[in-house]
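Read the single chain below, which is given as structure tokens and is the form predicted on its own.
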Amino acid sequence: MSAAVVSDAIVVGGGIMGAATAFFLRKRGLRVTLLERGLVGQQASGVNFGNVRRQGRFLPQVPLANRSRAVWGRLNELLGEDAEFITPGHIRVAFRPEDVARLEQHVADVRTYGLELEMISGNALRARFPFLAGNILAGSFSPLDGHANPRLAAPAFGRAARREGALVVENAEVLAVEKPGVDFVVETRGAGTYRAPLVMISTGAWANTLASRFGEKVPLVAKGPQMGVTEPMAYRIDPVIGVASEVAEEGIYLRQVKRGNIVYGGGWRGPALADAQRAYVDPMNTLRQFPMLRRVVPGIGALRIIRTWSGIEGYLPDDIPVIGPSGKVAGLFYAFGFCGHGFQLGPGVGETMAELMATGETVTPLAPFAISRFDKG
């Protein structure tokens, strides 16, 4: 039996959270091993919408979103690669007076967190964004947000971590994580054994299996986002657009890429089977999405849908992720359950968790995301 590979920290799960954490741990000088069952960025981090937005978040999450936005802004410099991050802005639009009121309250609330949004109503909104429907009452505009290519971002972090000296092991299915002494021991299927005093679990919809072994079971469920893309049209939609609504079916979002295609998602989520590693597009969801898209940008009605897809995302009942240290085991950390809202947060989670794991503390508040909130003991 070969000896275990020893490092200072092991990151289990190579999505954008795990890959970014491995990268920033190396920047702090720690010896890091990143273990990924498949390929880095292959799961939810690579199949999502690509939204890089800060507005519309749980308020205590805004400091983390702000920190992440700062990292996004220097991503090319940090990684030496382009993840196609651009900042044309992000709009949330409302069709009902009560939704406008919620937008206005959110604009006021996030100002205390350093996020400045512009509230635009009526004809002024359509004068600036003439592709929007005439019955939209108002919108909040976040000018420094935008979108990136999810197929590029997490793999870029993984490659950059490797260039910095991290051991990145793909096709390494983790069978067990145990702590028989000072160090954790991580066993994989056919990819060796690893030891370190620090471990972070960032395995998305599969995280509960490992957390449960340390007595920290959470009510995590798998769901599949319903994504699609249209044929190309002339480029005219600069910002990302989302709908502010309490009605799940209405909560769609869209963006246009430079080659003209419109990428969209939202509404009802579809079935996903984490154990089988399968997610499905429900054709009825696609039929429900398209009228909602036309409701926001009427011109979309003339386009054909050319592809639909889904992925496996982890959801918690309060729609808030688990980020931070274990409540029971020293040296154990978590970053999972991002409920479909994690892509923008990924670089900031990586920087924050690396800071916490390396120094024992972080300037970014994480208490609202503690796994102990699910501890019924």
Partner chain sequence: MAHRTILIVGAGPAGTRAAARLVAAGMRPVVVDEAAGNGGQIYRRQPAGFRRTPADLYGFEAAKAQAVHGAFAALEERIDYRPQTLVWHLWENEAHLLTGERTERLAYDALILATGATDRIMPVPGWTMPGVYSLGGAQIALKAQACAIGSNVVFMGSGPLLTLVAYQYAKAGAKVVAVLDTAPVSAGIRALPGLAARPALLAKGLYYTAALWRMGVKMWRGVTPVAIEGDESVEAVRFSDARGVAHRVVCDAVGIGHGLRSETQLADLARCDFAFDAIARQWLPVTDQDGRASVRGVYLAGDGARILGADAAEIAGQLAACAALRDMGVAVTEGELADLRQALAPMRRFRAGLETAFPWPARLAAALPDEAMVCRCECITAGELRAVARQKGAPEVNRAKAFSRLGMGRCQGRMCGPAGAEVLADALGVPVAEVGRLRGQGPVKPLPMTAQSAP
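Given the structure is predicted, the values throughout are model-derived calculations rather than measurements. Positions refer to the first chain, counted from 1.
Quick note: we don't show the form predicted together with the partner chain, though the next part is all about it.
- In summary, among the residues Pro283, Pro97, Pro180, Pro130, the only one with a non-hydrogen atom within 4.5 Å of the partner chain in the predicted bound form is Pro283.
- This chain is drawn without the partner chain; in the predicted bound form, the residue among Glu104, Glu118, Glu164, Glu81 with a heavy atom within 4.5 Å of it is Glu81.
- Using a 4.5 angstroms limit between non-hydrogen atoms, Thr230 touches the partner chain in the predicted bound form.
- The partner chain is not drawn, but in the predicted bound form it has a heavy atom within 4.5 Å of Gly301.
- Put simply, Asn261 is close to the partner chain in the predicted bound form: some heavy atom of it is within 4.5 Å.
- Not displayed here, the partner chain is kept clear of Phe58 by more than 4.5 Å at the level of heavy atoms in the predicted bound form.
- Note that among 284-292, 216-224, 107-115, 239-247, the stretch whose heavy atoms approach the partner chain to within 4.5 Å in the predicted bound form is 284-292.
- Contact with the partner chain in the predicted bound form, defined as a heavy atom within 4.5 Å, is made by none of Gly18, Phe184 and Gly350.
- In sequence order, Leu39, Val40, Gly41, Gln42 are the residues of 24-59 having a heavy atom within 4.5 Å of the partner chain in the predicted bound form; the partner itself is omitted from this view.
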